[in-house]
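Form predicted on its own, single chain, as structure tokens, below.
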Amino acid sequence: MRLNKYIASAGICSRRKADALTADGAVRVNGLLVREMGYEVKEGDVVEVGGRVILPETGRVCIVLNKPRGYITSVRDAQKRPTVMDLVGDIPERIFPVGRLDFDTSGLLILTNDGALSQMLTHPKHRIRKTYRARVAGVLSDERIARLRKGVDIGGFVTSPAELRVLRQAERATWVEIDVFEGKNRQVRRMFAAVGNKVVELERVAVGEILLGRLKEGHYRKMTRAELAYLGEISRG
């Protein structure tokens, strides 16, 4: 396996960035500095990047699911309601959802078998942006928008300043895109409720640089190498 592909498959960075790391003298193989871009990693080779031994990701599963409304974000449900695991039943590995989307919220949900990745994605210190598109009842006034952008009390917790963009305004409804940086239970719905607008529809369209894109509702896809590299960069932080 070419050196840049080996580094990328370990979730360190993209292949292009791997070439740059190699050129900068950050890569060693079997203790020796390697600057050859096309070096072929052989079985038994020990590869280090920045002084840390790396291994290609084998056995790790990371997928992006477009969760439909009406599914519980849980491995199982005592009330026998449909769970997101019903949508990924053909994956043999034991995966679990990272964070939650509530029963009536659709959109991007990450599932993995990597506990460290899950912890990293949900830990507040990383302030990973979650982007939602919402339809809220009524007009969203400038004053209410300002409150959301400043941070609102959702019941004993004041949210971080949100980034909000109005996509469309009608007489009885407003369509918005909002970025939040925490993962409190039903946070976006509670934020809009705090300023007097009820959320009618809610969809998560991105987690950081991982995008829902054109993925069909109820379908899933594997994360790309670029997405895994992005997560690797966050973890090194």
Ligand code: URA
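Keep in mind it's a predicted model, so treat the numbers as computed, not measured. Counting begins at 1, following the sequence as shown.
The form predicted together with the named molecule is left out here; the points below concern that form.
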In the predicted complex, which of 138-146, 94-102, 117-125, 153-161 comes within 4.5 Å of the named molecule (heavy atoms)?
94-102
Any of the heavy atoms of residue 64 lying within 4.5 Å of the named molecule in the predicted complex?
no
Can you tell me if residue 186 lies within 4.5 angstroms of the named molecule in the predicted complex, counting non-hydrogen atoms only?
yes
Although the partner isn't part of this model, could you tell me whether residue 202 comes within 4.5 Å of the named molecule in the predicted complex, counting any heavy atom of the residue?
yes
So, residue 71 and the named molecule: in the predicted complex, are they within 4.5 Å at any heavy atom pair?
no
Heavy atom within 4.5 Å of the named molecule in the predicted complex - qualifying residues of 123-157
132
